[in-house]
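Next up is one chain by itself, shown in structure tokens, the form predicted alone.
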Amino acid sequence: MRVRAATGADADAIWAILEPIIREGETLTLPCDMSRDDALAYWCAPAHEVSVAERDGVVLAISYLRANQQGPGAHVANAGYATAPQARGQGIARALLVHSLERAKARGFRAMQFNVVISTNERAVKTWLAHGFEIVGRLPGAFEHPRLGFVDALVMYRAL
């Protein structure tokens, strides 16, 4: 597997990964009816450093890295991840996380924070905890899960 910077040529692959995740509405805080153009504009925003993980030329997962806040909060990174359904459970998100942590350090960030980790996304929570993140906050009922109703969202943090 190779992690590399995304290019404009990756737009279709990025959308192919994002669309089913957005439509299922279980892990990202994006509208389930979000359009392709809006999703790509969000994920590939100018302030985002977008990466793809590919195997044999096939993009299997995507991530972005950005400053969590502006000004005095710009030293803390934030990232987002999405894995193609057929590639889940293969360590690909873990590889993107490690890549993001390395890039965040190289860019001079002092910490990384995930603002909204859905508590029912057990695989992600377990992975982030295993890589040194701590749950520093719990937002009761902050996410409306399509099957489970209102569930907690976690704020997770790690110094770099």
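Quick note: we count residues from 1 along the sequence shown, nothing fancier. Treat the numbers as computed from the prediction; the structure is a model and nothing was measured.
Another form, the form predicted in complex with a further copy of the same chain, is not on view; read the next lines as being about it.
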Residue stretch of 89-97, 123-131, 28-36, 54-62 approaching a further copy of the same chain in the predicted bound form, non-hydrogen atom distance within 4.5 Å: 28-36
If you check in the predicted bound form, is Leu160 within 4.5 Å of a further copy of the same chain, heavy atoms only? no
Is Val116 close to a further copy of the same chain in the predicted bound form, meaning a heavy atom pair under 4.5 Å apart or at it? yes
Using the partner position in the predicted bound form, report whether Ala16 sits within 4.5 Å of a further copy of the same chain, counting heavy atoms only. no
Indicate whether a further copy of the same chain has at least one heavy atom within 4.5 Å of a heavy atom of Pro85 in the predicted bound form. no
Taking a heavy atom within 4.5 Å as contact, would all three of Pro20, Glu102 and Lys105 count as contacting a further copy of the same chain in the predicted bound form? no
Though the partner is not shown here, which residues of 124-155 have a heavy atom within 4.5 Å of a further copy of the same chain in the predicted bound form? Val136, Gly137, Arg138, Leu139, Pro140, Gly141, Ala142, Phe143, Glu144, Phe150, Val155
